[in-house]
Ligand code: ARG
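Take a look at this single chain in structure tokens; it is the form predicted alone.
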Amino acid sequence: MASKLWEKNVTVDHDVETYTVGRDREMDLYLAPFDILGSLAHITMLQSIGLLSQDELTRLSDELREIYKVAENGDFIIEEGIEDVHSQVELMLTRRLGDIGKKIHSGRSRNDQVLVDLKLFIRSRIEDLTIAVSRLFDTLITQSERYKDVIIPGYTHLQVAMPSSFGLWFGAYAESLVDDLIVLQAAYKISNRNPLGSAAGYGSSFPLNREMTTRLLGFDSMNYNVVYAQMGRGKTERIVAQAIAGIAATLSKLAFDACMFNSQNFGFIKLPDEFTTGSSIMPHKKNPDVFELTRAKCNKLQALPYEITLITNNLPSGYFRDLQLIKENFLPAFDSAISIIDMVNVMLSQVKVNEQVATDPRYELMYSVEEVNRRVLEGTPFRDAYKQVGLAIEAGEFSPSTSLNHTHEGSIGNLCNDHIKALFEQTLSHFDFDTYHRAYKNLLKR
């Protein structure tokens, strides 16, 4: 069995090692490509300050690029007895290059290695998440425009309230995603700062050039204070998890609406048969399982920030092993969120809308406010008009007009989808993913 990077003359008890490592090796596979990118930047900086020769840099860089290809192809493994991704990469280099491979750790700790790995991982996965959100946003806007003239009842307290429309319903969730994207952009900015060079949390006596690694990895800036760089562990994940939870909250609400609107009591929409399941004893059933599971999966994601808070909220400054456990639910959360978004996108693009909802006499009373407003426009004081219509309803004499004239911004007749789309695109343009893509391309070219 290979020894640990930190191991000296005392061998750790097997049960203790199993307990402390936990699922860390499994989780580190998510980080492998990013650990290699961080190492490429770090050794380039080490050569610039005289801790590596040009020949050593060339040989190390060539080998790291080969290992990166393995990781990108999904073939990277952490061998039995190897503690983490950092140790595995260093071991692979040492096997191929001898003692040169041992030099890559100069001026850094596994503490700042995992920090930079997480930052790079988060940055990449936020881009993937943003692309998925964009697809769903486009579908929502398209459906809002397609069904903008289809009237449905709006509800307050789950009671029929006032006229709404499918244009408003789809468009509301599109605008909700705009706010979610703004929060995600803030999380991206916090993640896009370089912790490398903070070492174990107190810097290094080597003359590290942190500006260089910041530039080489395409970060906006660095976490300047080395103690704060370490304090950012857990905090960064919590902030990103809160952004993911915001998207999940939007989709959870949408899923509840879809389940309700699909029920026979409402009949507003019909889900494609291939997205429903039947009952084992009731032959008429078509259950909205996909949206029900979407709701539950979204609620799990909304719990993630609280889990991270509970792991970190009683820790002082400095590094603690508690932080390792954050990886277990945080790293897979991006895949979960993207799969949810993509499934909702498919469902909403194929949903069948009932265009005759408003003709049902059950919904006649939703036009009562329209009648009150009509009387006010004719000169009746509002409170008098309200009472007149209320008494007519109580007497069973209310006969509504179904004509609508909503013209103000954001209403049935003026959805403002063009403004919502412009705000989404403006927010999207501020992410600047191209900077880090260019940085990676430069690091990986021979």
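Numbering starts at 1 and runs along the sequence shown. Note that the coordinates shown come from a computational prediction; the quantities given were computed from them, not determined experimentally.
Not on display, but discussed next: the form predicted together with this ligand.
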- [ ] Answer yes if any heavy atom of Arg110 is within 4.5 Å of a heavy atom of this ligand in the model of the complex; otherwise answer no.
- [x] yes
Task: Ile247, heavy atom within 4.5 angstroms of this ligand in the model of the complex - done: no
Open item on the list: So, Tyr363 and this ligand: in the model of the complex, are they within 4.5 Å at any heavy atom pair?
Closed with: no
- [ ] Classify Arg321 as contacting or not contacting this ligand in the model of the complex by the rule of any non-hydrogen atom within 4.5 angstroms, answering yes or no.
- [x] yes
Open item on the list: Just to confirm the contact call: exactly one of 110-118, 335-343, 156-164, 348-356 touches this ligand in the model of the complex at a 4.5 Å heavy atom cutoff, so which is it?
Closed with: 110-118
TODO: Using heavy atoms only and a 4.5 Å cut-off, determine which of Arg125, Arg210, Arg295, His86 is in contact with this ligand in the model of the complex.
DONE: His86
- [ ] Let me know which residues along 195-233 have a heavy atom within 4.5 Å of this ligand in the model of the complex, or say none if there are none.
- [x] Arg233
